[in-house]
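Taking the form predicted alone, here's one chain by itself in structure tokens.
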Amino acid sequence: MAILRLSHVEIRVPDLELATAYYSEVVGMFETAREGDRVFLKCWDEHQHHSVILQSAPTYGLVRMGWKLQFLEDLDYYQEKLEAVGVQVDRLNPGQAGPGSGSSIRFELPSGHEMELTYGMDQVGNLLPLTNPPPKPLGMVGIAPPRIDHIFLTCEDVGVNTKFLEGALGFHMTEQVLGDDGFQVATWLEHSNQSHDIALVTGQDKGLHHFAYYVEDWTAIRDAADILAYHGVNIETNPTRHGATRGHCLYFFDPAGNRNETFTGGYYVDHDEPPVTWTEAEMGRAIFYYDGVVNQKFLTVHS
């Protein structure tokens, strides 16, 4: 029984049409459905129905995140584990969470973040044939990332939430920043043998720091920066590198204020490997390896 990867992210946006245009024309996602005040989108190399949901709301931030399960019986397995530690779990039937959605369980982390584990989302195919496909489709617009990659959350108690992810959901911690007082300031965890699928940093509960798109290489990071600058998008951090995870990255904001990232690189890890530890004095280099500093604005978000 295992969680495979991040499945989807649902975010709030005050201007649904503006956000849809941004994620379609600048990021380069594809709209797959609309329902009421929500728009569903996917990246070109994702077979599932959607990976980003935009919800019309007065503010920006995270509604919930979803994680893909391999088998239907995984839902029962994780529901039993969660209820055994006192977590309230809601069960959703196929289609109940929106167009294309599968069977799911929904619950909250100790930080109040809403998470769902899902199986059986509709498979609509990527933009390539299943026989003799080319490497990628032609004529794509925007950054055109092949898939979403990971999510980074803020919470008041990183240690408590990290233990929950490890104990109840089987995540494996790959890296951490330890404060001088011995408490965890930030953690990175995985379920897919990548450097991380989810990360936590000290901040307000229920906060979304960013969600990330995977791109192929450093050149794709540069090209993304060119596209964002051309469209006048607010680029927060120019192409650079993380110390933690070793990945290359670029941070920017959607029109609502939700932080996005393009990410590449990193490393593969086995679930039994010990975590890498960064000290509080070197947290700046853990986040931005070349600069060696991280400003408070980068760590401050709204829920």
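All residue numbers are counted from 1 along the displayed sequence. What you are looking at is a predicted structure, and each value in this text was computed from that prediction instead of being measured.
Keep in mind the form predicted in complex with another copy of the chain is missing from the figure; the text below concerns it.
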Taking 4.5 Å between heavy atoms as the contact cutoff, choose which of 167, 182, 135, 86 touches another copy of the chain in the predicted bound form.
135
Heavy atoms within 4.5 Å of another copy of the chain in the predicted bound form: which of the stretches 271-279, 55-63, 32-40, 254-262 has them?
271-279
Using a 4.5 Å heavy atom cut-off, are 5, 126 and 291 all in contact with another copy of the chain in the predicted bound form?
yes
Does residue 227 make contact with another copy of the chain in the predicted bound form, using a 4.5 Å heavy atom cut-off?
yes
Using 4.5 Å between non-hydrogen atoms, is residue 93 touching another copy of the chain in the predicted bound form?
no
Could you tell me if residue 285 has a non-hydrogen atom within 4.5 Å of another copy of the chain in the predicted bound form?
yes
Given that another copy of the chain is not shown alongside this chain, does residue 80 nevertheless sit within 4.5 Å of it in the predicted bound form, heavy atom to heavy atom?
no
If you apply a 4.5 angstroms heavy atom cut-off, which residues in 47-70 are near another copy of the chain in the predicted bound form?
47, 48, 68, 70
